[in-house]
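Just the one chain here, the form predicted on its own, laid out as structure tokens.
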């Protein structure tokens, strides 16, 4: 066995061998994989082997498409069979909400190059004739859907990796993973110690245990999952071609042909977590005892949807564990807090996602970043606040909702409330309807006493409409107050703090008492941060950005650390409020004896009531606004001071639904919508904040300069949309002259202007004021007009005055 290697991948399931293969494909040949048993041990060997492209996250869907297309390439490279069955598949909709979801997914697929289509009951009867169509409105058909041989595919990956120079060692048990001072690792096994520059945890069912060896907790949990293979069914074996896949969300089941019979699996509501206190090391090629009681109701429903099943005998039952993360997506990327330690686990749908996971991780390791935004599967999307006590109920919830409708405004209830601010009970008493961000309870809106305390999930305008309109009106006509806990906040100190910020940020670093807005770029010029920088002293700065990106941004700061600089995440050590609206200065005048003559982008220490606070003249709502920061222990005092004074000026509380409506009036983008690693500064207009004149070689400058010289083909624009009862959410295609030319990044309803607004990327050649377009919303073509004049404070007088 090799004792030194550039990369040691731990785990020989389909994900581990995919990572190994893709590393060799990208030029790293000194790589090895160790597996405690045989390849496919764990979940891979007993997987149903189905694959599909449907995923609520667009980038994940694209990676699933890549994975599926990769299998033929593997066969050509290795000469081995993956047992491919490209039979196509349909996802059924038996109610309007499910059909809306399929319409939204089909629209997304248009610009992704996925050739899906919406089909009606008559077409479904031809495609999948064993389906009982009672109550079925339609379906989404995907010709890429199919299934394969899990073992053959895993071994094809392995052979392709070996052909690229990789080494695979089976029956090697990892005992310890110990970091060295230089960032490399000693992987201690029962066959000796391997010195590796990088370690990849692809441990699957054992990923938690492997992670614990490095002192990290990975939020994963195995769930029991059961599928059934039937005896021969005449309606199946007498067909001229193989029966396609059928996903039936109402019955929480998936069905495909298996030989001369059928295979059907269930995501049942009375589900059961497995190995709650740890996966046994001696588990591998075993199955769990059959449990028909658990899936009894699911089987009964399946008999009605597919009557042939009731006449078929059971040939075999496959009941085994699969791992899930709290949101169902994989955990991939560099583990925060560790050097050269990578995660490739939690990949529940290994044969749909394994190829994409392997490609993205290999790109990340070999080039430092991925070709697309992988936030949905980045291991850093969960912070150090996450625990097994949170993970378990969220994984159960995710399993139960595996085939449920995924709404853009849905707030899932499991493991909540978890993290709250000192304002929780006060806001709750005022009628707060809560959302969750990064584990934190955040107010979405405030319901009136006669309104429900629950926002109905919908693809269309929800019952939050009236409340949001009230809150927007208060901000635009008087003054609103909103909590700022859900900003990521960082303290940067040290003699070299300014130099470090000049290098890591692309924008201008402000002078003392001022703040600036700046993008943070990757080496390839992609947006990896959207920051406000406040200069409190020559060697003291405060940064604010997205609250949900804390671990992501902290990891980047650590990877680019510099002597003489300390960076501290103070996201939960600072809290406070923003006040916004034409009466905001009047409220500020009433609560402090300090001068309130802050100009736009000023920052100053002020005493608010009895508390020393940091006050910034800036607002995401557009117009006049202030951000007021204090310690959590003083937050309630600051609240009572502001709220009492605010009553004379029409102050009302507002939540995130109003915030997202208000920002549309100024066409402000938001993190992971307009600003993400999928886009560059020049594409999104963030290049206007780049400090071109400064003689600083900031990260990503060469790529940004190249786009400055040759502007990118696409650019972010705003549209006024002739919408019905549904507004743009994200990724709806934008049609110009009858052709899909771009897509929406986000949108919604401007309650102030009374207009539906969309933001989206289109070719620069079409980015002209008044450009006519159409946006496909839930299957309907809606007229849209490109607009360049903001809907509120168009000249910036309120904001800067």
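Positions refer to the first chain, counted from 1. Small disclaimer: the values here were computed from a predicted structure and weren't measured.
What comes next is about the form predicted together with a small molecule, which does not appear here.
Engineer: Even though the small molecule is not shown here, does residue 64 get within 4.5 Å of it in the predicted bound form, heavy atoms only?
Structural biologist: Close contact is absent here: in the predicted bound form, residue 64 is far from the small molecule, nothing within 4.5 Å, heavy atoms only.
Engineer: Evaluate residue 204 for contact with the small molecule in the predicted bound form, applying a 4.5 angstroms cut-off between non-hydrogen atoms, and reply yes or no.
Structural biologist: Yes - in the predicted bound form, heavy atoms of residue 204 and the small molecule come within 4.5 Å of each other.
Engineer: Residue 42 near the small molecule in the predicted bound form, any heavy atom under 4.5 Å?
Structural biologist: Yes - in the predicted bound form, heavy atoms of residue 42 and the small molecule come within 4.5 Å of each other.
Engineer: I'd like to check something about residue 31: if you look in the predicted bound form, is any of its heavy atoms closer than or equal to 4.5 Å to a heavy atom of the small molecule?
Structural biologist: Looking in the predicted bound form, residue contacts with the small molecule do not include residue 31, since no heavy atom lies within 4.5 Å.
Engineer: Only one of 723, 423, 504, 210 comes within 4.5 Å of the small molecule in the predicted bound form by heavy atoms, so just point that one out.
Structural biologist: The residue in contact is 210.
Engineer: Have a look at 700, 219, 321, 677 for me and say which one sits with a heavy atom within 4.5 Å of the small molecule in the predicted bound form.
Structural biologist: Selected option: 321.
Engineer: Report yes if all three of 480, 586 and 620 come within 4.5 Å of the small molecule in the predicted bound form by some heavy atom, otherwise no.
Structural biologist: Negative, none of the three is within 4.5 Å.
Engineer: Pick from 461-469, 510-518, 114-122, 347-355: which stretch has non-hydrogen atoms within 4.5 Å of the small molecule in the predicted bound form?
Structural biologist: Going through the listed ranges, the match is 347-355.
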